[in-house]
Each structure stands twice: as structure tokens, then as C-alpha cells.
Ligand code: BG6
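One chain comes next, on its own, written as C-alpha cells: the form predicted alone.
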Amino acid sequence: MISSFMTKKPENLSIVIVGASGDLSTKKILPALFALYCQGFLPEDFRIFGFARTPLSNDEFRSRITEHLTCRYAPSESCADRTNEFLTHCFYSPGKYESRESFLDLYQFMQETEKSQATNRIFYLAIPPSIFLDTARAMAGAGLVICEPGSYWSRVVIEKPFGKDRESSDILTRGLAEVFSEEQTYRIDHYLGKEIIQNLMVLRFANLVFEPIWNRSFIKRIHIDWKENIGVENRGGYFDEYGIVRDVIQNHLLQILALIAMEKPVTVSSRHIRDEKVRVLKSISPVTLDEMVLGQYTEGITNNISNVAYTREQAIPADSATPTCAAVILHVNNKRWNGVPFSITAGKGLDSRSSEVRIQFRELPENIFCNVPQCLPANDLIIRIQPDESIFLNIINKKPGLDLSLVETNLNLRYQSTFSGKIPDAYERLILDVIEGDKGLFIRSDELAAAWDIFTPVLHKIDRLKIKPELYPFGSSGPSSIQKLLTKDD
């Protein structure tokens, strides 16, 4: 998680992207690898092998890659040269994901291309989770995976969702363990690669002003909010199987909560950080239906554009009860946070696109300024994740003038204007960590199990009772019941 604790860059590296013809590979993974290459973070002897069902030649694969490469880290005059150099390291081999024979063909192709028999290998499974296990077993059957610890290694990167509940997650974990050890497995959550998310620990534990007040005595509530002003678009088939709780809340937003609520780790090593995240996740009570709201968007007009209802989106059944918006209240049952509600809201088809954490402090007792002319709100610390990475501290100030008039203002830190240089993309950070063996930003198996234990009972109850989500217009602020849930303790 912290660069000074990373291991040495490998000298000989092959990266196999399974699902290389898909959007994740062409729009995220390969541009991130190109950015790392331009900055000198890839070893001199590296190769990228694309593998997918789509029949492509090396040249066709390289042409497809080029469409999404940007020269953020290369001077414009050398951009074309850097691009062409990078493409000479990229190769493609078509095949079937579950076929041992296809991976044998890939293995032979790799051996013909690699300069050394002893090569470090990263396997990035940019494919649907439903075929993770068959693909991993086919790779193992072809002899691609180095199982024994030694001078050279194999690592696998898998994308969420990691199952649909605790049972399916455990099955996936056990199945992958037949091929890759826990040490070799990197469960990626791209939200953890965002610069401002990584800063949460630094903000808390490197600033004396925050740590003494980071508890129930000074904090009234914590709210994590994730909003998109678009629908499911071309992800309808996938999204309808999972819904907003499984797709966003149980992973991205729960990970943010863990970083906010965890105790101070012994060191910044990946093991100690993840130990504390697991400890706080295990202290959270399972979600109950009376502290949850589910919503689904209907048709609506935004910026003079008509948007269809969720049930009229492509690949969505007309009677689908899958939630596109949800709110939950979580309770962390430990000495630091007992009695402080942690609320999480997430939704698609809303009125804006943003993600932020709002930490609301308690009101000042015996505030002598409450009648000047009125008592203004308590302090808030706002950590904005997107679209404009920022940190705001709302404070009360005297408004300039001859009378005593108070006003709420904010101290703000905007990343783009404060820090020179380019902010790395989340995938750049995370892929570099895989290469260098740093697991601080990746999810451990017991951490995954603890996260599913919080949501599995209520998700099963929703499915069993066939609970219908509350409808809300596309482009609105979401179901009206959410605000009632969030303010019920007031």
C-alpha cells in the first residue's frame, strides 16, 4: 500500500490477460500497463499475451490496443515511438477459456516468445466470474502455473464480484485455491486504487488533529454516498443478476467503511492493514430489512433527454425486481464506534454523478453562539472521491462586517489544483502492486467472508420474500424512503 514497502521489480515478466478482447482489457488494463511502461515501472524484459475467444492476429490485437492508449506520461513528440515500442511486447493467442488444449497452444506460443524458461507470470482474469474456476483449472492442466515457491512466481488477478453470497464466495475461494494459493491470489477492487482512498489512512493516522476525535465521543454519524446519473447501459444482463447491493455496496463502499472505521494497524504492512480491516468487518452486525431501502428507477427526463425505465433496458426482464438504488444503516459494535450509525447509499439513474464520505461531528455543547443569529450546523469532514478528488472541512466563521454574524465556510483541498503532476489511475496503482508483490490494496479471503456475512442474510431474505423495490424517476434523488431512513435517529 505504501511504495517504500514494495518488493523489487522482477527482471523477467509475462502478463497473460484472459479476456483480452473485452472492454475491461482494452479500456483499463492495457492503458494502465502502457502508462507503467512509459514511467519505467515495467522490466526491460516483459511480454503481454492476450487470450480470448475472438479470433485476432497479433497485428489486429495491437491495432485494437492502440485505440485506447494515451500518452499521459510520454512527451507528445515521442508518443508514437513509445506506443510502437510498447506494441512490440504485445501478442495474441485465441482459444476457449475452459479448454486445456487452448492453453497448451498459448503455453507453446509463450515459450517460443519468452527469452527464458524461468519467467514470472501474472494471469489477469478479465472474464465473467462464472468461468473463473474452469479457466483456472484449464491453465493449471496446461502447466502454465508455477505452484512451488522459488525464484520465479505465478500470480492471478480476479475482478469482482467474488460470488453472490457467502456460500458462492466460499466455493469460488476453495476452487481457486486448488490452482493458486492465497498468497498468489489478488482480488482486485479498483476503488481501493484511487488516490484519495489510499489517503484515508494517512489522513487519520498521520495527523494529530484527527485521531483523538475519531470516535463516538466526537462523531455523530458517517455517511458514504455513491451516485451515478446513468442507467445500466450495456451491462444490463450482468447487473440484473447482482443488483446495486452486490455490485457496489458489499465491496467498494464496505471497503471504504473498513478503512474509515478500523483501528490503527501495527505497521503499514499489507498483513497488518488487512488484519485490522477484517477485525472491524467482523464487528459489524448483519444488515436488517428495517434498516434498508431498495429502489428501482422508472422512466424520466434529464437535460431534455428521455430515459427508459430499468425494466425496459436491454437484457432486463419486464418483471425484474432487481434494485438499482439502495440505502443501508450499519452498526460497528466496538468501543470506538458503539452508537454511531454508518449509512451507505448507492444508486444509478440519479440526479448527479459523485462519490463521497461525509463525517458529521457532534454539536458543540453549550455553544455560546447559538443565538447569533441562530445555531449553525456542526462541523463536517467531506472526502470527495469523484468527480473532483477533494477534502473539505466545514467550519463556522465570523462573517466580515460590523455586526456579529456567523457563516458556514469550508477549508478545502482540491487534488488537481494542490498537487502538481498527474494523479495515477487506479488500475496503474493496483497492477504495479501485483507486479511488485504488495497485497495491501487487495482483499484477503477472510476479509471477503466477513464482508459477505454482513449482507448474505438480508439478501437471502429479499430473494425469498420477493421484495419489490420502491420506484423513483430517472434523474431524481432516489426513493423518498431513503431520507426517512437516514434521519430516523434524529
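Since the model is a prediction, treat every value here as computed from it, not as a measurement. All residue numbers are counted from 1 along the displayed sequence.
The same protein has a further form, the form predicted in complex with 6-O-phosphono-beta-D-glucopyranose, not shown here; the description that follows concerns it.
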Although 6-O-phosphono-beta-D-glucopyranose is absent from this view, report whether residue 191 comes within 4.5 Å of it in the predicted complex, heavy atoms only.
yes
Would you check, heavy atoms only and a 4.5 Å threshold, whether residue 186 touches 6-O-phosphono-beta-D-glucopyranose in the predicted complex?
no
I'd like to know whether residue 332 contacts 6-O-phosphono-beta-D-glucopyranose in the predicted complex, with contact meaning heavy atoms within 4.5 angstroms.
no
4.5 angstroms heavy atom contact with 6-O-phosphono-beta-D-glucopyranose in the predicted complex for residue 228
yes
Among the candidate residues 111, 84, 386, 352, which is the single one with a non-hydrogen atom no more than 4.5 Å from 6-O-phosphono-beta-D-glucopyranose in the predicted complex?
386
Option touching 6-O-phosphono-beta-D-glucopyranose, based on a heavy atom within 4.5 Å in the predicted complex, out of 336, 235, 358, 100
235
Taking a heavy atom within 4.5 Å as contact, would all three of 158, 271 and 444 count as contacting 6-O-phosphono-beta-D-glucopyranose in the predicted complex?
no
What stretch, of 201-209, 172-180, 398-406, 240-248, brings heavy atoms to within 4.5 Å of 6-O-phosphono-beta-D-glucopyranose in the predicted complex?
240-248
